[in-house]
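Form predicted alone, single chain, as structure tokens, below.
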């Protein structure tokens, strides 16, 4: 059994504790949080799990093999680094750290201590995103032309990070997983409608070397929750709606055809092709359960995680550049 400590029992921590507790090859030995009221909830639901308000006490436990960090973004680096230096395998809630320099230090420390460092980017472990990956890799949709996402809702307003770091990070992790190509440039605009708070609405555009563009719209100030992504290919198109219960994915056999006009070499004729729509069958397994299983396998075998630290670093770099672009009114930033 791999013994795990969970640091932070606020929003995401309870999900981590539940999944590690239910996994057949792990046992949650300790939960740490500064708020004893939260720890009392742990004690009520899991009487056998030890609780502490001391991070040092948790990291000093020689029986702990691994820790999961579910604390505010600005604390990820310090806590993860302490855990790595204590010889623990580490799973860090997204994103890996608050800047690239900190990511580099964590990656170097994990390599030096020979421990697993994995980022809790959950979407690559969802059945829907995994099926999209299969469709792309199998050539079903042809060459990917664009990725267009809307990820909006009313709240939750953060005080320490902007909406890019809270919501756009999900789409960036999906793009990192789906595509072999990496973005070469990002431009972003955003605005804060609440004085003293970071941007609550933003638009990101990512450019690639290939004939591909990605656009991400994120917003904490929308009247309803929308989680919809359009992926266009040369052969087929995909609509991914994460709020749908039964048909999250729809594949459309639609597109355009072009040919040269015989009258003029300068005139291109565009035709439209419309075929069937189908909704692939998807498993209903919990993404976080799949992620925990991946983390356990990496701890046991030493293999590289799907959402490894280097990929987490690339995502942080894009968000860092996007935030820089926002401050300069959308100036493109080279990656």
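Since the model is a prediction, treat every value here as computed from it, not as a measurement. Numbering follows the first chain given and starts at 1.
The same protein has a further form, the form predicted in complex with a small molecule, not shown here; the description that follows concerns it.
With the partner left out here, the small molecule still marks one of 60-68, 34-42, 270-278, 306-314 in the predicted bound form; by a 4.5 Å heavy atom cut-off that stretch is 34-42. Taking the partner from elsewhere, residue 73 is found to have a heavy atom lying within 4.5 Å of the small molecule in the predicted bound form. At a distance threshold of 4.5 angstroms between non-hydrogen atoms, residue 9 is in contact with the small molecule in the predicted bound form. The small molecule is not shown here, but in the predicted bound form it comes within 4.5 Å of a heavy atom of residue 79. Using a 4.5 angstroms limit between non-hydrogen atoms, residue 120 touches the small molecule in the predicted bound form.
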